[in-house]
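Only one chain is shown below, in structure tokens, and it's the form predicted alone.
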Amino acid sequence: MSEMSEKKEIVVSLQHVTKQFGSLTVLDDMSLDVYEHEVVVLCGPSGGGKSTLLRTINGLEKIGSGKILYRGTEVNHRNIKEIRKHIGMVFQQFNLFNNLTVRDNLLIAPVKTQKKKKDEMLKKAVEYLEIFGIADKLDSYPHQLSGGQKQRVAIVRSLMMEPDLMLFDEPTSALDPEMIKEVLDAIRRLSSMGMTMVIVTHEMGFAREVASRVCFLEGAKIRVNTDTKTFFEDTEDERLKQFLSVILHH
């Protein structure tokens, strides 16, 4: 244990988590701790369990065995709703309400479900939109936005709930190449603001730049879990070397 991780609180801890879909094991005895202000990237070939792992953290997928702790409390069906309030999630698809403006997409959850004050929430929405370079889109509808703009609105929508952990499930995979950068820039900005994040992505250059730690998942197991420099430069794992040589040089 490094000194640093001893002082930092563990935000989420997966302990010997196993999950099956029918006879297929998708998570096989996985353990992972995510510390406060850490950016953990999950990568690896398709079908390795990355998205499923992410979805178990906020209860979108039930686990077969093992346990998940959020700030020391074991997550179960009784407290998952409460815990979910602290966890933001951004998917490949933006899941915005097409019949609502950006303003209403951002205000609906905090104002309707959390009974927050509308004017305060609007001020906050505008601040976030400014940070991510889309303040002029407040009154636009989703169909008037590019994919990159929609994804940034989706990120802001998660932030409106004041999460202390953000989960990203391949947030750029549905985007055109020129829009990927603006979404990755938004995530970089979050990282510089100290947000704790777990990110499933194939963008290895980005991972190298923002991740404090990178995990390589394959065959339902976490094969490698190490700091970013070691992951990219000093790995001993042959499968990871092979994966990186393909993904970094294509």
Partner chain sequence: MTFEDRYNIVVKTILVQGLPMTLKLIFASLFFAMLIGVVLGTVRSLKIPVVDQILGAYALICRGVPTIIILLFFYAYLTKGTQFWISVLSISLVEGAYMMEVVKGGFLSVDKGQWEAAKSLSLPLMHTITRIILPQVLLVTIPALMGQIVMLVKGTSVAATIGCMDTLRRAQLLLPKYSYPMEIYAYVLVIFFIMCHFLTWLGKKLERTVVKRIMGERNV
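Keep in mind it's a predicted model, so treat the numbers as computed, not measured. Residue numbers count along the first chain shown, from 1.
In what follows, reference is made to the form predicted in complex with the partner chain, a form of this protein that is not presented.
Three-residue candidate spot Val41, Arg223 and Phe231; no residue lies within 4.5 angstroms of the partner chain in the predicted complex by any non-hydrogen atom.
For the chain shown alone, Lys116 is not a contact residue for the partner chain in the predicted complex, no non-hydrogen atom being within 4.5 angstroms.
Not displayed here, the partner chain is approached by Leu60 to within 4.5 Å at the level of heavy atoms in the predicted complex.
The closest heavy atom approach of Ala135 to the partner chain in the predicted complex falls outside 4.5 Å. In the predicted complex, no heavy atom of Arg78 sits within 4.5 Å of the partner chain.
Just one of Ser173, Thr73, Ser146, Asn99 comes within 4.5 Å of the partner chain in the predicted complex, counting any heavy atom, and that one is Asn99. Checked against the partner chain in the predicted complex, the candidates Ile180, Leu122, Met89, Leu129 yield a single residue with a heavy atom inside 4.5 Å, and that residue is Met89. Proximity to the partner chain in the predicted complex, taken as heavy atoms within 4.5 Å, picks out 52-60 from the listed stretches 180-188, 24-32, 52-60, 210-218. In the predicted complex, the residues of 147-173 lying within 4.5 Å of the partner chain by at least one heavy atom are, in order, Arg157, Met161.
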